[in-house]
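Only one chain is shown below, in structure tokens, and it's the form predicted alone.
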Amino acid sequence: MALVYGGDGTRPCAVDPPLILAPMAGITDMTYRLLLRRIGGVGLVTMEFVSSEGLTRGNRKTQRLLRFDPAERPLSVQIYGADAARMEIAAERVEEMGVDVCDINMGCPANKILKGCAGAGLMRDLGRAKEIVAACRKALKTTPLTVKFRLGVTDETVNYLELGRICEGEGVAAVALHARTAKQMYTGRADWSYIARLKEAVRIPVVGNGDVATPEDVLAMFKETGCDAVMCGRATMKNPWIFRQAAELLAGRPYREATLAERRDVILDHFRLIQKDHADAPKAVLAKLRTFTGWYTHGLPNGGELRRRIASLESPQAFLDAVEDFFATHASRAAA
């Protein structure tokens, strides 16, 4: 059931299983991508989206975002911007990195991105969107190009089918659709029927995205839309095992829930990766640990107890100790 990007002169990239980690700003850094790779089941991981301006002007923060470990492969780098010439140079830089896929962000709904006519803002100007796709495709000699977008900016300006056909005409290897408008942000429900319509409208592979919260949702999206791959983002933060579990279902096998011991080990492994990777920036470590503890404890018995405790912690080691204590307490309660 593997999906293959490229092969039309570009280097083929097999996405097997056809399950993709969505790019999430501040989340899908190298430590997180490595963690999900170790758990297994994900066919393609994606970096946090990268500004074409920062990438082409040597911005120090952007350069840090671009770091990756070969163990992450296959790996996609998502770039965004409003200027075709600048995006072309950015695509060239991505190709020089030797990653597996270059993706264009035409779906980010954040106001600061929309105001700059980047992200989903490009759906207001399909002429400019076409110029950017063509420029990036020209720059990429061996790397497959993909594009991620939404239904449109508003309910009144839904134009995802037109953008999908533009991408197909410009030689894009695959497109991904988040089945909401930019105005919706992440509210309401994603309407998967639009993914099915896009699949019918284009001949290139279509990746479905939006409201995939469980392994069962992955199978349901494949069944309801006929899409070629499923992309999952926020759900991975509550359940980092979702890709492995979905892969089991795709193979016709039942999956099992992670045990408390496995949850403890994954949290501690991730926190140690963060601590090592940000050793020179303790404030950044604390910010990430607070963010991930908030997500990882959803669904855990008395998870709020740990979330309240970490609010006052001031060192990475204190976080690790708090997590150890939390799980040790629950293990002893379960044994009692």
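In case it trips you up, residue 1 is the first one in the sequence shown, and so on. Just so it is clear, the model here is predicted, and its values are computed rather than measured.
As for the form predicted together with a small molecule, it is not shown, yet the points below apply to it.
- This chain is drawn without the small molecule; in the predicted complex, the residue among Arg73, Arg234, Lys115, Arg256 with a heavy atom within 4.5 Å of it is Arg234.
- The listed set Asn239, Gln245, Thr181, Gln78 contains one residue whose heavy atoms approach the small molecule in the predicted complex to within 4.5 Å, identified as Gln78.
- Within 4.5 Å of the small molecule in the predicted complex, a heavy atom is found for not a single one of Ala2, Asp16 and Phe222.
- A residue is said to contact a partner when one of its heavy atoms sits within 4.5 Å of a partner heavy atom; Pro144 fails this definition for the small molecule in the predicted complex, lying far away.
- In the predicted complex, the small molecule lies within 4.5 Å of some heavy atom of Ala25.
- Taking the partner from elsewhere, Gly210 is found to have a heavy atom lying within 4.5 Å of the small molecule in the predicted complex.
- The small molecule in the predicted complex is approached by Phe49, whose closest heavy atom lies within 4.5 angstroms of it.
- Only one of 245-253, 153-161, 136-144, 226-234 places residue heavy atoms within 4.5 angstroms of the small molecule in the predicted complex, namely 226-234.
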